[in-house]
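Below sits a lone chain in structure tokens, taken as the form predicted alone.
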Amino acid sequence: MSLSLLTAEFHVERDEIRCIACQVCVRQCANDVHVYDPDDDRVYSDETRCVGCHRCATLCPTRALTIRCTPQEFRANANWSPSIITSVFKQAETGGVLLTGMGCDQPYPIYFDHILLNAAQVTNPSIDPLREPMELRTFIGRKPEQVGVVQDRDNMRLETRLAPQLVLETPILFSAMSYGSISYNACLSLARAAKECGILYNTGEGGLHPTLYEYGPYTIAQVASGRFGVHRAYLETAAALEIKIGQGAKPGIGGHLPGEKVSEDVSRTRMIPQGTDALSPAPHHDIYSIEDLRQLIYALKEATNYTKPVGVKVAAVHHIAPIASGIARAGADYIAIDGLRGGTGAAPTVIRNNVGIPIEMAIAAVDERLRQEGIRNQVSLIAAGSIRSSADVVKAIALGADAVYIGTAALVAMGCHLCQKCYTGKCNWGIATQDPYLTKRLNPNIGARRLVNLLRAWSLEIKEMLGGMGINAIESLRGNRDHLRGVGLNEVELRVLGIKAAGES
């Protein structure tokens, strides 16, 4: 066997004075970093196996462990960074595609961090959300050009027939994360939190576990190219259906769930053999044009008696504005746009880091295009791709979104430490794994409570920001880019975002 040129990514520091050899770290690490030697009554660490998940350091009762990035450094070279050199080493040794999990970690501009919100002052008084009503309820679906009303003797009723709508108590949904890519307990946590908060969660392309059917009114059922787990009951149970064309972490390519994660339950839910890789084709083999997409949209509407919104999820790519226009005209009730920094369980690193555009640019361009064409009311827009805080939510809506999807933020709330090794199935926090020993580490009651707390906190902050701008309803902020100003952005970036520079009236 030839010598490996790869060194450990992380350095495991063990304080021998504090360490009591209790072996908690040995039992907690799914990567076998820590090994107990009974002869010496000591625990040793093989740091070449460490992925930096911090499970051992977090649970160590004596705080004897510290995990740091490896102190080993390459000679400084602006062109050949350590990560690029390491990637070449790995591929020279394995001859394979480098995989990764989670979203893009490259130092591209994060435009949300270069956008500032407006605040009410003298002529436009602010609103106190503690003393005055603040409306966050959001409706996702096609809206009519105008609404006809009939006045009866005793009451008033709508004459216009409205398209089916999703009602959200706050403009946030849980993004698509499939059963298989994440554990059952993680799926259950999302479903319970969605029900308690009055929002929806997305099944991803892995079907719906039978015990989660009771959460159907809070479920968006995805129909992806592999058609995993898609059947009549699945479509009828969900509150909405979503055709997945692409996602931000890997635009233009299909999905891959390793066979190691296809347990008996996952195989039954996805309707595939146990232990086999679940491969989603890059394209839908019945969609090669907007006309084909329209046919599938209306096939799903017909199959559910036109009682559910049907959306389309696409990745944010260079010509996203005309693409979204075509999707809207094809009959979609909403469009979910997933930006460059969107998360994933497994993606080729080179695709994740180099394909697509940021969600900030995409959502602004799409909103502007639909308004110019006079069809903005015909479709709702959901922004996704690294929504990290309530401020990101408010800025995304001001740029033109109706609501946002959160995925990585939800996983972090449940305990994810972003070690980016989801594809291995060895998630020490019980989230991105199907290992029965590991999945028990995520208590769905605790997971759901943490998610509910996150949404409650963000909703309170959104109300505070709206009140500070003198706005009492989220509807009034949608696409209102006059409330935004850019800092440190060039003229082209400001033009695409449709906002002015800070200090500009």
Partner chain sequence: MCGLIGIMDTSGRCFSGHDIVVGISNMEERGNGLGAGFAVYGCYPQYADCYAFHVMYTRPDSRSQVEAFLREHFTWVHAEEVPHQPVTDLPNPPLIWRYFLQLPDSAHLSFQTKGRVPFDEAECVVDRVMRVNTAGLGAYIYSSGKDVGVFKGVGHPQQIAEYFGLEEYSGYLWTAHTRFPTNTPGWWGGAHPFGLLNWTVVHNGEISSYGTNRRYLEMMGYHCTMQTDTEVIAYAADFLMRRQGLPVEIAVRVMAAPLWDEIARMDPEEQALMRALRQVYGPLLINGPFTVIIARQGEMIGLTDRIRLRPLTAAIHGDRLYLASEEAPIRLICPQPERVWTPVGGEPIIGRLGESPREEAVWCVESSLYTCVS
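This is a predicted model, so every value here is computed, not measured. Positions refer to the first chain, counted from 1. What we label the rigid core is the largest C-alpha set whose atoms superpose within 1.5 Å from one form to the other.
Another form, the form predicted together with the partner chain, is not on view; read the next lines as being about it.
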Tell me, please, which stretch of 105-113, 369-377, 315-323, 71-79 lies within 4.5 angstroms of the partner chain in the predicted bound form when heavy atoms are compared? 369-377
Can you tell me if residue 149 lies within 4.5 angstroms of the partner chain in the predicted bound form, counting non-hydrogen atoms only? yes
Is residue 455 near the partner chain? Define near as a heavy atom within 4.5 Å, in the predicted bound form. no
Is residue 157 a contact residue for the partner chain in the predicted bound form, using a 4.5 Å heavy atom cut-off? yes
Residue 52, heavy atom within 4.5 angstroms of the partner chain in the predicted bound form: no
Which residue, 438, 64, 67, 471, is the contact with the partner chain in the predicted bound form, using a 4.5 Å heavy atom cutoff? 471
Name the residue from 426, 195, 388, 143 that puts a heavy atom within 4.5 Å of the partner chain in the predicted bound form. 143
The partner chain in the predicted bound form - contacting residues of 469-487, heavy atom within 4.5 Å: 469, 470, 471, 472, 473, 475, 476, 477, 478, 479, 480, 481, 482, 483
Given a superposition on the rigid core, I'd like a yes or no on whether residue 305 shifts its C-alpha by 2 Å or more between the shown form and the other one. no
Once you overlay the rigid core, does the Cα of residue 152 travel 2 Å or further between the shown form and the other one? yes
